[in-house]
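Listed next as structure tokens is one chain, alone, in the form predicted alone.
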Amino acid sequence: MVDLVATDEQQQIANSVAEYLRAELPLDRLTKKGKANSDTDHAKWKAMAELGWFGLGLPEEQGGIGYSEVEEAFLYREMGRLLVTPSAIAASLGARVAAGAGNGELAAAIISGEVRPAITIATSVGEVGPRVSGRYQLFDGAEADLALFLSADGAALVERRALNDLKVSRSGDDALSLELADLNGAPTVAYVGADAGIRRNGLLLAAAMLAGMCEATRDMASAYAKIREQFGQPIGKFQAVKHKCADMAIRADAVNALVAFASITVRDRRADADFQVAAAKLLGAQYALLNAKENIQVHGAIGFTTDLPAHLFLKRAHVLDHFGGAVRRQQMDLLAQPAA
């Protein structure tokens, strides 16, 4: 029987991360009130690196902290709650790619925050190998040093300056910049094959972030339902609102359980790890989108404004949904993998 309950040490990791993020990267930083797009996440990049976050799941012999994917999932769940830039995922994965490729110096630079990677999302069928080809979206990469590319064939890091013909585009996520890249055999600085499991780890971290977002939107909706009054009583007393909040809580619990189980299967190198991770990513994206929509609905008219971060959870869920492959890709992965 698999125990999904966090150990005391794992809970301490989650609590310490949550405490730091609430103090240094509160959600207000992303609202109009908090001067959105003020680059606060990048201002704290070195501090997050000094806390060991980007090397948390990397073995000590490769320059990391030596924890497992389970502890990493707790870390990224808390990041998801506060909508930390997904460049953090690129850093954790980028360090793995560099270390796996035998470039310890680059891995150390990423872990220390000296070098910052950014995530990419493929918009066409491409090639990720010693050279990278295809069309990609580069998120939050305006000040990045590297771009991380994932595919079923492996993972690669490419220098930003090697991304020719970058075009600035309007991002659906107000907190993230977006550039479009058309690559034709761009050289990599580090590459590892599919057997390194980088894409699987990336899907797990994205699922953990989505789990945190499910929790955050659940909490926002229930807190507002207690203080917003209509017809002389809190709206949380109305059955329609109660049902929305209850459904949001169930979704958050379900995704958390899936992510916890998936992280254990990856840590233990179980045969069903790819299946469980794909399931967690698939349900995490679907439920994060649903919870974000319901949170906006519970807040009513103010939920659609930039004065609140409610809309940002919906937009970030769309970005993370497509990272590593959206719903259709996760469904294909589920069908292709044994469940046990």
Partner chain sequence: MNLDFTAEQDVFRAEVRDWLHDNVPKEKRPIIGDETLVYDKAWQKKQYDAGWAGISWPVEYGGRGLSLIQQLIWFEEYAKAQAPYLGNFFVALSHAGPTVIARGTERQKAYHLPRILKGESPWCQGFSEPNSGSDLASLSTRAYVDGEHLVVNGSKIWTSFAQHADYQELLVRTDPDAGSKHSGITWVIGDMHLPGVDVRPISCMDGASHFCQVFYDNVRIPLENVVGDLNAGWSVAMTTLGFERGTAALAEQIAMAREIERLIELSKTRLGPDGVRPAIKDDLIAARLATLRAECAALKAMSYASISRAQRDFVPGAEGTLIATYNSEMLQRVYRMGADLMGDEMLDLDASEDRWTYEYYRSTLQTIAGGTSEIRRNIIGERLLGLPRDR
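Positions refer to the first chain, counted from 1. Model, not experiment: these values are computed from the prediction.
Form predicted in complex with the partner chain: not shown, discussed below.
Enquirer: Each of Q239, C245 and A257 within 4.5 Å of the partner chain in the predicted bound form, by any heavy atom, yes or no?
Expert: Contact check passed for all of Q239, C245 and A257.
Enquirer: Do V17 and the partner chain share at least one heavy atom pair within 4.5 Å in the predicted bound form?
Expert: V17: no contact with the partner chain in the predicted bound form.
Enquirer: Quick one: does H318 come within 4.5 Å of the partner chain in the predicted bound form, counting heavy atoms only?
Expert: Residue-level check for H318: yes, a contact with the partner chain.
Enquirer: Even though the partner isn't displayed, in the predicted bound form is G172 close enough to the partner chain, meaning a heavy atom within 4.5 Å?
Expert: Yes, contact at 4.5 Å.
Enquirer: Residue-level question: is Y191 within 4.5 Å of the partner chain in the predicted bound form, judged on heavy atoms?
Expert: Contact with the partner chain, no.
Enquirer: Could you tell me which one of A196, I264, A109, A162 places a heavy atom within 4.5 Å of the partner chain in the predicted bound form?
Expert: Filtering the options by heavy-atom distance leaves I264.
Enquirer: Would you mind picking the one in L30, L58, M48, I296 that has a heavy atom within 4.5 Å of the partner chain in the predicted bound form?
Expert: If I apply the 4.5 Å criterion carefully, the residue I get is I296.
Enquirer: So which of 145-153, 265-273, 183-191, 83-91 is the stretch with heavy atoms within 4.5 Å of the partner chain in the predicted bound form?
Expert: Heavy atoms within 4.5 Å of the partner chain in the predicted bound form occur in 265-273.
Enquirer: Just give me the residues of 304-328, first to last, that have a heavy atom within 4.5 Å of the partner chain in the predicted bound form.
Expert: In sequence order, F304, T305, T306, D307, H311, L314, K315, H318, V319, H322, R328 come within 4.5 Å of the partner.
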